[in-house]
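Encoded as structure tokens, the following chain is the form predicted on its own, with no partner shown.
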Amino acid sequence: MTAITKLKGFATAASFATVLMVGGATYAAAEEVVLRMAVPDWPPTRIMKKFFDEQYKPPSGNKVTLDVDFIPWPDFYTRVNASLTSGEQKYNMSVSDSQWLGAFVEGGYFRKVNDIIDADPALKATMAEIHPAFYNAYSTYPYTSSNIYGFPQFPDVLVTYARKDVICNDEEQAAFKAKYNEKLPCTGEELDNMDWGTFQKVGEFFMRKKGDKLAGQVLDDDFYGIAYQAGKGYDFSSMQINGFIWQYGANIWDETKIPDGQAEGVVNSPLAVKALDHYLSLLKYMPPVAKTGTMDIFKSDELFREGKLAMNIDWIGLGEASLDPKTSKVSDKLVFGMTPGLRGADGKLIRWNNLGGQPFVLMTWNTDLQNKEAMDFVKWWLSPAIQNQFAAGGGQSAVKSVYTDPKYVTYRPWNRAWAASLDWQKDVWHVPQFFELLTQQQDQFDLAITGKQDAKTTLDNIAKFQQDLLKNAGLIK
């Protein structure tokens, strides 16, 4: 039995390549390979680990262990960044937010995988089936280039969660119609056709105090109509605000236009200011926590599951807890739809949103054996059979042959909104400076959300900071 394989001072995989002589024949025993992976701790990665442990059989015949480090979302970036930059080389794989690619590719941590894909026709065909928005966001650096680094682990979009026992109630329907001369959206299809104006009316209409009636019942706590992301932490407010900016026809700094794309005059354009003002105007119809800068994706999800909201805009990745009666008071009362959009002059909805979810990546220090086993796992994960199981178990797939299959919409109640949302997804920056850009932007958005600063001042400050930072980095000339 060989010693545990070590690379640069730490154990990366255990292997024992024992050669046995039996009746004159030579047999090579299976090798033990440990793949250590950093992941955010939430349902999509818990499902992945469960599938691996219960179903995965390495085609090599080796004994492969997936050793997963589940990290809370608020600490995920800082802990992975600390590990990678410390030189400890703890992980062989990681789930990575798309915006990390530039920083960690340029840092020498994420492995380019073009050679692996080019040598595997089946994998190449699978990659060609991934929806372009997610392929570009999850796999390419520079963004939209031909350099490939990642594979979809869990693609995600924002959807509208709604209480059908509240919004479909006959009394509430009649009262809403009387007040606004408009039908209160009730079905998934009606939610799909909801614009921000109707969403605002839902927020105003369902602001109820303890002791008021809601759907014929006396409330034992305050109740609110709407919620969405307004959190200072990580990227929470940015993910919602970016959608408003794109829907208004404005833009964030566009890395695909390096070095000619400017921040000043773009990030703080009059249309962008109008978009941010629109976003801020809806906060008054939400629970008071929305004005404190702490309405992150988990808080709004918690409020919805506690039965304190009529509608919530949130990621599909959090949906499983809403369906579980152990974690949700409204598990049997739900309907889902696409997120609201801005009604254009032609009457059609403009639905741009910032995509969510994450890719897998491989590390540059892996052994050839670790890379082989990691890629066999990735191929298995992206296979139609497992992608369908993942979607049926609460995940999602960006592989076209999977999400266009008619049975896909039957897996989970939000899947009816999935495919229709894909063409409306864009992404935030991927450049190495993303964390400085994001942190300053989140701080500025928080000042606006908490009422300390107006929209124009906020975007002026963001635009100046981005212009200076990116100019000094050589990304703007």
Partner chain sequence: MNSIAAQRPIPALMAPAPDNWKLAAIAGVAVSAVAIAALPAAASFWITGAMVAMVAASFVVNAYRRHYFGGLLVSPAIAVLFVMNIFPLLWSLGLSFFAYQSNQQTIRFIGLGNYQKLLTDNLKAPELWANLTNTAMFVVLTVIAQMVTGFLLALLFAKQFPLRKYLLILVLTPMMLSVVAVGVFFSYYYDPTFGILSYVIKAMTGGEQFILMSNKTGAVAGIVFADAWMWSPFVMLLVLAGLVSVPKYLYEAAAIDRVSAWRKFLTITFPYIRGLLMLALLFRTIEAFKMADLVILLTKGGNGTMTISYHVIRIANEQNKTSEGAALSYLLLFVVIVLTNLYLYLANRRAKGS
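Residue numbers count along the first chain shown, from 1. Since the model is a prediction, treat every value here as computed from it, not as a measurement.
Unshown form predicted together with the partner chain; subsequent notes refer to it.
- Stretch-level contact check against the partner chain in the predicted bound form with heavy atoms at 4.5 Å: of 81 to 89, 143 to 151, 187 to 195, 382 to 390, the positive one is 81 to 89.
- Contact annotation: of the candidates Ser331, Thr367, Thr292, Gln173, the single residue with a non-hydrogen atom within 4.5 angstroms of the partner chain in the predicted bound form is Thr292.
- Only one of the listed residues (Pro288, Pro121, Pro406, Gly265) places a non-hydrogen atom within 4.5 angstroms of the partner chain in the predicted bound form, and that residue is Pro288.
- Each of Lys210, Leu303 and Phe435 places at least one heavy atom within 4.5 Å of the partner chain in the predicted bound form.
- Taking non-hydrogen atoms only, Asp221 approaches the partner chain to within 4.5 angstroms in the predicted bound form.
- Of the heavy atoms in Thr450, some are within 4.5 Å of the partner chain in the predicted bound form.
- None of the heavy atoms of Phe377 is located within 4.5 Å of the partner chain in the predicted bound form.
- Contact annotation for Lys308: at least one heavy atom lies within 4.5 Å of the partner chain in the predicted bound form.
- Along 180 to 203, no residue reaches a heavy atom to within 4.5 Å of the partner chain in the predicted bound form.
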